[in-house]
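Consider the single chain below, provided in structure tokens and representing the form predicted on its own.
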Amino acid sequence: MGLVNMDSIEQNQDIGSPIRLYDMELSGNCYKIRLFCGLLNLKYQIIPVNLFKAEHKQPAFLQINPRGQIPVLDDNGRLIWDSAAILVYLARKYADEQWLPLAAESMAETMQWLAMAENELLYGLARARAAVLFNRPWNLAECQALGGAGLTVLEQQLQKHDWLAVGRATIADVACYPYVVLAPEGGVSLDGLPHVQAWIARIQALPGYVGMPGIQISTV
């Protein structure tokens, strides 16, 4: 691992775009959407939401997302919330089958890794990071253990495949990548996971890749 990649974090912002992203820079779930927009070369406008000031729980924001969570995508008035749902929406509307295949088996193979992102990686790695960085009241040891279990599954998959599903980069990789690469911020080491580290490097080499604070460029 090397230096933090800050070169192109904002390269896809466009204040004239009809697509708006309700976003917080340090949120890994929001970063999934910024990353995917970068990979699609899709322009968008960021609407900052400050979670530390509980702006996501204010009545005005709850009109946008009644769950009081970010990210939220506003595509010319069509509101989509939840990072997985937004990835599916963008893949289907603005990309071909490369990112989300239509065949039943291939789609299921892709979607099962989104389930991993929303379970072991979220409740494990993401919560461990939030406990360390933001003093959230999660049980750190339990979160680290759950996240470590998820990383073991990823390592086993990536021993046999360069990508998580269907032999190429898909929204499965986009969904899983952020909290994996940020795992050290939650006290979960990526040492001893050579195939996960090689996968991180492959993602960072994709055309249109953008980073975020806390993510280091792989030197694998």
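Small disclaimer: the values here were computed from a predicted structure and weren't measured. The first residue of the shown sequence is 1; numbering continues from there.
Separately, the form predicted together with another copy of the chain exists; it is not shown, and the next lines address it.
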Query - Exercise: Leu100 in contact with another copy of the chain in the model of the complex, heavy atom 4.5 Å - result: yes
Requested in this report: Spell out, yes or no, whether the shortest heavy atom distance between Pro59 and another copy of the chain in the model of the complex is within 4.5 Å.
Outcome: no
Query raised in the report: Taking the shortest heavy atom distance, is Val153 within 4.5 Å of another copy of the chain in the model of the complex?
Result: yes
Query - Close approach of Leu146 to another copy of the chain in the model of the complex, 4.5 Å, heavy atom - result: yes
Query raised in the report: Looking at 153-161, 172-180, 44-52, 188-196, which one sits within 4.5 Å of another copy of the chain in the model of the complex if you count heavy atoms only?
Result: 153-161
Query raised in the report: Are Ala85, Arg127 and Trp138 jointly within 4.5 Å of another copy of the chain in the model of the complex, each by at least one heavy atom?
Result: yes
Requested in this report: Taking another copy of the chain as it sits in the model of the complex, which residues of 77-105 have a non-hydrogen atom within 4.5 Å of it? Please list them.
Outcome: Arg78, Leu79, Ile80, Trp81, Asp82, Ala85, Val88, Tyr89, Arg92, Lys93, Leu100, Leu102, Ala104, Glu105
